[in-house]
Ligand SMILES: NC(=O)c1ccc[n+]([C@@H]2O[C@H](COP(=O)([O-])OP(=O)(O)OC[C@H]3O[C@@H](n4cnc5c(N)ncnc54)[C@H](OP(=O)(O)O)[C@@H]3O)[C@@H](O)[C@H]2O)c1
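Given as structure tokens, the chain that follows is alone and in the form predicted alone.
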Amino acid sequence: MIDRRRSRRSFLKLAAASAAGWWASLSPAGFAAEREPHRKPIPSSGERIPVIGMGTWITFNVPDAPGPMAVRREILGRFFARGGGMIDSSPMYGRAEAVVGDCLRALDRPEALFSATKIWTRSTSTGREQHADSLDLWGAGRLDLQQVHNLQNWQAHLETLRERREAGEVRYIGITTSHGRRHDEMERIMRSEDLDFVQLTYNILDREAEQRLLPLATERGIAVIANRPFRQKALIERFEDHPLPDWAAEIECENWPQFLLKFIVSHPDVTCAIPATSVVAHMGENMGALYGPMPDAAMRERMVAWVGDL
């Protein structure tokens, strides 16, 4: 019998294509287009994805009105122009999936897209309906990643997702938690189930996952998505009145979002982070973390000590 995980690991690596079209002009002046974005492999396949993705909680839950929709299209345009790929959403996020789908159609569905969403319900049948709705809302015949949101009814939903993966409706499956909750249960699932991804909270202050979950993910060959990289703006607001240390220039950090994101994605067990924003300029700041030198272990310790003293 062919081992499915080993077979999937033999897939050819897929390079995320640079988005082309009118939105390329959104790149800020001086951006060196020839620089390669940092990518990390998905362990179960070897496919490499950009280490900075995009979340949609709150920020893309907006009405279908010209003003808000135009801003979201521009945000996504900047995201793809600067080398982005993964967009993460959920039925929990109100209109976010619908807004993302509309924006993707307006951008002619960039090839670099890595679509990630979730099933969020205690009902097994409703979970199947949510998956079907997501395919429709994203305007896709297949999703790249489907996750069980906050472990709700995870046993039944994972069975559904395996069926959908076999049917070709999803490429990868995973589970999520947030706010540092339910780590014990997540650990048990990671040890017992065949997963491609886990999503959890990890940032420069919330580092509990370093003790067990991150090393376990590497041991089990599971990709890690870090959510709440800024604690939903709280970390930015906490640090923004303080100047960056002079040595932040060594890793080409020009602002606090880049400092905080580079700390996260430089961890060897983290695959990508998914900051969210509703401001075009902030998207440009976030995507700056996709380029330039990354902190090594000694620099990471220095970063932790610096913010601890603020």
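Just so you know, these numbers come straight off a predicted model, no measurement behind them. Note that residue numbering begins at 1 and tracks the sequence as displayed.
Keep in mind that the form predicted together with the named molecule is missing from the display, and what follows is about it.
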**Asked** If you drop the named molecule in as it sits in the predicted bound form, superposing on the site C-alphas, does this form leave room, or do 3+ ligand atoms land within 2.4 Å of backbone or C-beta atoms?
**Response** open
**Residues Thr177, Phe230 and Glu285 all lining the named molecule in the predicted bound form, heavy atom within 4.5 Å** = yes
**Request:** With the named molecule left out of view, choose which of Leu104, Ile236, Leu135, Leu213 has a non-hydrogen atom within 4.5 angstroms of it in the predicted bound form.
**Result:** Ile236
**Asked** Taking the named molecule in the predicted bound form as the reference, which of Val270, Ile274, Ile49, Cys253 has a non-hydrogen atom within 4.5 Å?
**Response** Ile274
**Request:** Determine which one of 126 to 134, 205 to 213, 146 to 154, 164 to 172 lies within 4.5 Å of the named molecule in the predicted bound form, judging by heavy atom distances; exactly one does.
**Result:** 146 to 154
**Request:** Find out whether any non-hydrogen atom of Phe197 is located within 4.5 angstroms of the named molecule in the predicted bound form, and reply yes or no.
**Result:** no
**Request:** Considering only heavy atoms, tell me if Lys118 and the named molecule come within 4.5 Å of each other in the predicted bound form.
**Result:** yes
**Asked** Does the named molecule come within 4.5 Å of any heavy atom of Asp88 in the predicted bound form?
**Response** yes
**Asked** Does Ser44 make contact with the named molecule in the predicted bound form, using a 4.5 Å heavy atom cut-off?
**Response** no
**Asked** What residues of 243 to 267, in sequence order, lie within 4.5 Å of the named molecule in the predicted bound form by heavy atom?
**Response** Pro257
